[in-house]
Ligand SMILES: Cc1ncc(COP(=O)(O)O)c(C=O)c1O
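A single chain comes next, written as structure tokens; it is the form predicted alone.
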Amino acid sequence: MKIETPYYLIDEKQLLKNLKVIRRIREKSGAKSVLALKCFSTWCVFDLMKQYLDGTTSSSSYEARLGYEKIGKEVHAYSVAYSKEDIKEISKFSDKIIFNSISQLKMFSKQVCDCQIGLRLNPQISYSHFDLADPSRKYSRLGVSDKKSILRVLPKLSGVMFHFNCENADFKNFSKNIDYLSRTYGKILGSLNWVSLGGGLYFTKQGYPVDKFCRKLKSFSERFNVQVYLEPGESAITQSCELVTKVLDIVHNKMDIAIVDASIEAHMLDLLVYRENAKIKSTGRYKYMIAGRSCLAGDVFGTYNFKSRLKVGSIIRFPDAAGYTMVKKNWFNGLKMPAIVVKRLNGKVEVVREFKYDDFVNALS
């Protein structure tokens, strides 16, 4: 089946590998997992994912509604700040509403009395390779750190959220930090029904000690008699998608530069934000810089070695292109958005969405 590039290709068999790890963690530890829609909202594969997940967690009223309509299990809502309109909408779809501050908790708690109320705590510890994503950075606005203030509103809370990791594949660090939370927040945790440990835990990475992770989660849950929640984003979808592109031109400026029919700025924005290269395996003797077609000078996927020479029409596949890609794609330069394609478990390849000029026009006014 020939599909016009560029397109995101989701492989359900690869996706299933991550989902089976999530199921294993639930079975061995009792921890439930709710998909972080801010990372991945491509609902054409939710029929598969909802068989292994306990629900979704959202950052906005649109995400809360999407989780409610497309997965239909638990819906957790968290936002750095809610408006009155947000609360009115989110409360229609959510089981749990987590506030970022005590002021917002006091402002809106009476309006969401049919939902379980949570509060994000900032333990002032974190694991992140990037200051941009560090929730405990200086002057962080994310969560409440003053324990006296937390204790005063404790009767209003059914649970709390700690979100202090970003791509943390270090189990020893996670274990140490869980022990810290237990020591520091023991009085608070013992009064709650549930605790979310947030996202950013890379427990589906090859070689991760899943059994040790499960034992740690179970011990924490039993110690405080709380239901533990995880909020996997990348861990749920890692290595399940690639961005498939085609070389349009090859130019030379002290090195060969292959220009593809996609853009890091428009289609893999997180690479640009965090100044990372796409994860192409670099093997071979022929060296090329792979660049996007937008007018941005730094629209570059990276420099790699290939086993054979590239030419116009060569296909370049960028792996691990599920998380924070489709949710962030944009119309910069009016470039055509990649189609969304799924390879189903039975091997059938299905083009589920193509984007046309009308989509571009209707996104603006």
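Numbers follow the displayed sequence, beginning with 1. Since the model is a prediction, treat every value here as computed from it, not as a measurement.
From this point on, the text means the form predicted together with this ligand, which you will not see here.
K.L.:
Hey, of 33-41, 297-305, 65-73, 312-320, which bit sits against this ligand in the predicted complex at 4.5 Å between non-hydrogen atoms?
P.N.:
Residues of 33-41 come within 4.5 Å of the partner.
K.L.:
Give a yes/no on whether Met161 approaches this ligand to within 4.5 Å in the predicted complex, heavy atoms considered.
P.N.:
Yes, Met161 lies within 4.5 Å of this ligand in the predicted complex.
K.L.:
Give a yes/no on whether Gly200 approaches this ligand to within 4.5 Å in the predicted complex, heavy atoms considered.
P.N.:
Close contact exists here: in the predicted complex, Gly200 approaches this ligand to within 4.5 Å, heavy atoms only.
K.L.:
Considering non-hydrogen atoms and a 4.5 Å limit, does this ligand approach Phe332 in the predicted complex?
P.N.:
Looking in the predicted complex, residue contacts with this ligand do not include Phe332, since no heavy atom lies within 4.5 Å.
K.L.:
Whether Gly292 contacts this ligand in the predicted complex should be assessed with a 4.5 Å heavy atom distance threshold; does it?
P.N.:
Taking the distances in the predicted complex, the answer for Gly292 is no, it never comes within 4.5 Å of this ligand.
K.L.:
Have a look at Glu265, Glu242, Asp261, Glu234 for me and say which one sits with a heavy atom within 4.5 Å of this ligand in the predicted complex.
P.N.:
When this ligand is considered in the predicted complex, the option within 4.5 Å is Glu234.
K.L.:
Taking this ligand in the predicted complex, which residues of 120-137 have any heavy atom within 4.5 Å of it?
P.N.:
Result: Arg120 alone.
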